[in-house]
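As a starting point, one isolated chain is supplied in C-alpha cells, in the form predicted on its own.
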C-alpha cells in the first residue's frame, strides 16, 4: 500500500434537522486497503458510506479520491463502485447485461465492453452463467454479479453497504473469506459497512468502530480486539466481562480497584478515587484455585449456565449482579450448574476504562 492517502475524509459532518449523524469524521485510507465501518444501527456508518459515494452531501468537510478533490463532484464522476445489500440488479437483463450496465453508460466500444465483462465474470467465477437470467441465480450468485458490476468500471474504491447480510450464515462466512481474497488479489481499495463484528474481523485491514456519529477507535482487527481503546469498543467487539469499581490505590503501571464482587488489579495507572470499568475476555478466564498464578485476579461465583458448542464450552458464572463467561475446550468436563467456583484471569489481560466511557 502506498504511503499517501488514496481516500481522504477530512472533518466530515452531517446533520438532519437537530440530529447530528456524522461529527468531524477523519479517515485516510491507503491504496489497496480494506477498511470496515462497524457499529450499531444509527451510528452513522451508512451515512458516511453514502457521503463517500456522493449520494449524500456533507454539511462540512472535504473528500479526496486518488489525488482529486471530489467533495462537490456528482456520484457518476467519482469512479466509485457500490455493492448494496439488495444487490440492486436489473431483473430484465441477464448476468452479462447487468455487469455491462455501467460500461454501456460510458459509451465504450462494444468489443471493449464484451472483453471487460468476460474478464470480470471470470474473476468472480461466473463466466459460464453470462446468459442466465437474474431470477435463476442463487443469493450467492447474485452477490457475485453485483460485485462484478461494481468492478467492471475499474473503480478507484469499492463500497459495500451490508452487502453480505442477505445471505445465510454458512454462505456469508464463505463469501467473507472469498471476497477478502479476491479484493486483495486485485489490489482493490474497499470500504465495508456492517454491524457484524465477526465479518469485520474477517474482512478488514483496519476497522473503524463508529458510535454516535464519531469514530470511536480505528485499528487493525487484532489491536481492536486485544486492546480496545474505549468501553464502547470493548462492548461492541467480542464478548467481555465487565464490573464497575473505584480505584483505591495507584502506582506506576498498576491500579487496584474495589468492586462489589471483590478487589481487582489492572495494568494501567488511574488516579486514586477514579470510577472505572474493569473487564476481561472469556478466553483469558479459567476456573479453580489450582489454576491461579501470582499474577492473576480472582473472584468467587456460582455457575449459572453451560453451553456446549462443539470445539468449546462456555461456562457462565454469576458474580454478584454480573456474569462472567469462561471459555473451555469442548471435551473438558464443565462444572455442574449451581456449583460454587473461583474464576481467575491474568492481571495482564485485565482491561480498564474510565466509567464515563460507558456506552
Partner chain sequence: MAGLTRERRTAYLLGLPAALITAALFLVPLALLFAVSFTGADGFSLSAYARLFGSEHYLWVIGNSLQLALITTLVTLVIAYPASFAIARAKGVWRSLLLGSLLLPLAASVIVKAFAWTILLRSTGIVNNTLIALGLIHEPIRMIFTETALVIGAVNVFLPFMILPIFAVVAQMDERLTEAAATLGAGPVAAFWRVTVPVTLPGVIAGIALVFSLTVSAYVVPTLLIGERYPTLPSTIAKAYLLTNEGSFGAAAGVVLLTIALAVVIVSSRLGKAPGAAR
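Because the structure is predicted, anything quoted here is derived from the model rather than measured. Positions refer to the first chain, counted from 1. For the two forms, the rigid core is made up of the largest set of C-alpha atoms that agree within 1.5 Å on superposition.
The next section is about a form of this same protein that is not shown, the form predicted in complex with the partner chain.
Next on the checklist: For the interface check, one of 162 to 170, 234 to 242, 267 to 275, 97 to 105 should have non-hydrogen atoms within 4.5 Å of the partner chain in the model of the complex; which one?
Outcome noted: Only one stretch passes the 4.5 Å heavy-atom test: 97 to 105.
Checklist entry - residue 292 near the partner chain in the model of the complex, any heavy atom under 4.5 Å? => result Contact check for residue 292: no, nothing within 4.5 Å of the partner chain in the model of the complex.
Next on the checklist: So in the model of the complex, is the partner chain close enough to residue 115 to count as touching (4.5 Å, heavy atoms)?
Outcome noted: Flag for residue 115 set to no.
Next on the checklist: Against the partner chain in the model of the complex, would residue 185 count as a contact residue? Criterion: heavy atoms within 4.5 Å.
Outcome noted: Taking the distances in the model of the complex, the answer for residue 185 is no, it never comes within 4.5 Å of the partner chain.
Next on the checklist: Quick check on residue 300: any heavy atom within 4.5 Å of the partner chain in the model of the complex?
Outcome noted: Contact check for residue 300: no, nothing within 4.5 Å of the partner chain in the model of the complex.
Next on the checklist: Please identify the residue among 334, 55, 66, 30 with any heavy atom within 4.5 Å of the partner chain in the model of the complex.
Outcome noted: After the contact test, the surviving option is 55.
Checklist entry - Among 120, 80, 247, 201, which has at least one heavy atom within 4.5 Å of the partner chain in the model of the complex? => result Among 120, 80, 247, 201, a heavy atom within 4.5 Å of the partner chain in the model of the complex occurs only for 80.
Item to check | Every residue of 50, 88 and 91 near the partner chain in the model of the complex, heavy atom within 4.5 Å | outcome: Affirmative, all three are within 4.5 Å.
Item to check | in the model of the complex, residues of 66 to 84 near the partner chain [heavy atom within 4.5 Å] | outcome: 75, 76, 80, 82, 84, in sequence order.
Checklist entry - On a core-based superposition, does residue 75 travel 2 Å or more at its Cα between the shown form and the other one? => result After core superposition, the C-alpha of residue 75 moves less than 2 Å between the shown form and the other one.
Checklist entry - With the core lined up, does the C-alpha of residue 132 move 2 Å or more between the shown form and the other one? => result Yes, because once the rigid core is superposed, the C-alpha of residue 132 moves 2 Å or more between the shown form and the other one.
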